[in-house]
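Have a look below at one chain only, the form predicted on its own, in structure tokens format.
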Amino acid sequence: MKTMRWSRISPQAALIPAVAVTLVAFVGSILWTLYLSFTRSRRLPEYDIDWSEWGRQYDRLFKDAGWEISLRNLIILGLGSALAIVFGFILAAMIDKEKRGESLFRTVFLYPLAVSLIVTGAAWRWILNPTLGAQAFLRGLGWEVDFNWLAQPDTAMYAIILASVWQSAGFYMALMLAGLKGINSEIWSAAKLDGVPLWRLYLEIVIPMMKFTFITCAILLSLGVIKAYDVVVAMTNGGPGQSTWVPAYFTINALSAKSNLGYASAAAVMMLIITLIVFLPLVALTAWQQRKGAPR
């Protein structure tokens, strides 16, 4: 009996260290950051709250032009990075239809994922360098082109999107390919016998059947976009001016350059709220779809 009882308790006991670390390092950090956002902490934390101006840091944040720019760039980056899912699906569909060389193409398209975003940003910064990269090469061939995107505030964010899509499209391709492999082969045979056009088959049958895969990709994409920082630092370091600031860059800049811990904490709390606003509806949609599709 004792052996049976211990076999039931031991799995729960093994989880205690992991739960403790999660509570302290994750939940505790969130609560500590939230508390500091109501204080006047500068270089070092202060724990006295002036209740007459408890929202002082948030009031400054909402009036800061840099924060407004970072939110606008977050939307632009999110919409642009969604192209990675589109390209990932197209690549997966092409590989799934062409069986020969599938392993080779899958490896080639997945290769950028093995490169960190810092290295990706550095590589694309060199590619877009007007004197060393693609512009110099094409002008050497006699083509008058302008690829100096990183030096122009109006196009710098699009250069970051280009690098991000290149780096992550292979990952979403792998997820989409797994979803396509899960579709019953009889569906493809029946569509071929009925003469259904390929585009209509994908649009009306395949894509709806892969809705969970698309939702998963959207969740992963949204989390990656909200915490985007390293690719921005590697390519533009927030410039020109503040044209490529994003919330994560704004937060780190408030902490390191301005040495304002309370202000950075307020920005971090707003990032958490943005994450919840984006993340929770997608999770709820996934749960609703699963409940809708479950047998009764």
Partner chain sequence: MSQMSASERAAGATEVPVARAPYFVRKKKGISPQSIAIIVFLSMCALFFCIPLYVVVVTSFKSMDQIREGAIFALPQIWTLDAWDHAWNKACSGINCHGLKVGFWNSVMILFPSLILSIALSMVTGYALALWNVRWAGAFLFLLFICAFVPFQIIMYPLIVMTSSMKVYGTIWGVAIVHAVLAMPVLTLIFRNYYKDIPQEIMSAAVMDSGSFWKIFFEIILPMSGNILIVILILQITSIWNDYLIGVTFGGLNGQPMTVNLANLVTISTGTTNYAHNMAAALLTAIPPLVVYFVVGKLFVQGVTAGAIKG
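Numbering follows the first chain given and starts at 1. C-alpha atoms forming the largest set that superposes within 1.5 Å between two forms make up the rigid core. These numbers were taken from a predicted model, which means no experiment stands behind them.
Absent from the display: the form predicted together with the partner chain. The rest refers to it.
In plain terms, the part of the chain that comes close to the partner chain in the predicted complex, with a heavy atom within 4.5 Å, is 178-186 out of 203-211, 69-77, 178-186, 152-160.
Against the partner chain in the predicted complex, the set I85, G239 and W288 makes no contact: no member has a heavy atom within 4.5 Å. When the partner chain is considered in the predicted complex, P17 lines it closely, a heavy atom lying within 4.5 Å.
Not displayed here, the partner chain is kept clear of S259 by more than 4.5 Å at the level of heavy atoms in the predicted complex. Mapping the unseen interface onto this chain, V145 falls outside it, with no heavy atom inside 4.5 Å of the partner chain in the predicted complex.
The closest heavy atom approach of I30 to the partner chain in the predicted complex falls within 4.5 Å. With contact defined as any non-hydrogen atom lying within 4.5 angstroms of the partner chain in the predicted complex, the contacting residues in 120-140 are A122, A123, W124, R125, W126, I127, N129, L132, G133, A134, A136, F137, given in sequence order. Relative to the superposed core, I16 undergoes a C-alpha shift of no less than 2 Å between this form and the one not shown.
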